[in-house]
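The chain below stands alone, shown as structure tokens; this is the form predicted on its own.
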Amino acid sequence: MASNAVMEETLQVLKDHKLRVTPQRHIILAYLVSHHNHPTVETIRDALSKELPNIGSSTIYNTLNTFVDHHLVVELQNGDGSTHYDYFGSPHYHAICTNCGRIVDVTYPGFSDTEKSLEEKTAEISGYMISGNHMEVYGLCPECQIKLGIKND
């Protein structure tokens, strides 16, 4: 179960985005906020089976799609054919291993402290009305580099 602070935060996020608050939405969002494991629908279902024993994959999938539509969550493809999800509460990008599919969040001091945001610069250059962004970089994670003999321990 997520902490009281996470539960309060996620309740407010749902209200701020004018989403009807249901126990399923609240618990699924709280799980995403408190876990940074980029879960699949199945991972979420397994993790929440004690709190929501009757929740089905379709309910989780539909809830996640609603969150994606409201820009609360992003969908990630890691090359294994499954879709993973990530709460996008603070700016970050994703590094995805091309060998094992591992996904990590990447941010660093000053990451979002540019004079103009990526969206503003893109709008300025392209003329597009930007609604959001999602950045992924690909490569080999440290474990796969070792496993493949590219890097020593």
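Note that the structure is a prediction, hence the values are computed from the model and not measured. For every residue, the number given is its place in the sequence shown, counted from 1.
Below, we turn to the form predicted together with another copy of the chain, even though it does not appear here.
Among the residues 66, 59, 37, 122, the one placing a heavy atom within 4.5 Å of another copy of the chain in the model of the complex is 122. For the residues 44, 96, 27, 33, the 4.5 Å heavy atom test against another copy of the chain in the model of the complex is passed only by 96.
Put simply, residue 150 is close to another copy of the chain in the model of the complex: some heavy atom of it is within 4.5 Å. In the model of the complex, another copy of the chain lies within 4.5 Å of some heavy atom of residue 118. Taking the partner from elsewhere, residue 23 is found to have every heavy atom lying beyond 4.5 Å of another copy of the chain in the model of the complex. Taking non-hydrogen atoms only, residue 12 never approaches another copy of the chain to within 4.5 angstroms in the model of the complex. Contact residues in stretch 124 to 150 (any heavy atom within 4.5 Å of another copy of the chain, taken in the model of the complex) are 125, 126, 127, 128, 129, 130, 131, 132, 133, 134, 135, 136, 137, 138, 139, 140, 141, 142, 145, 150.
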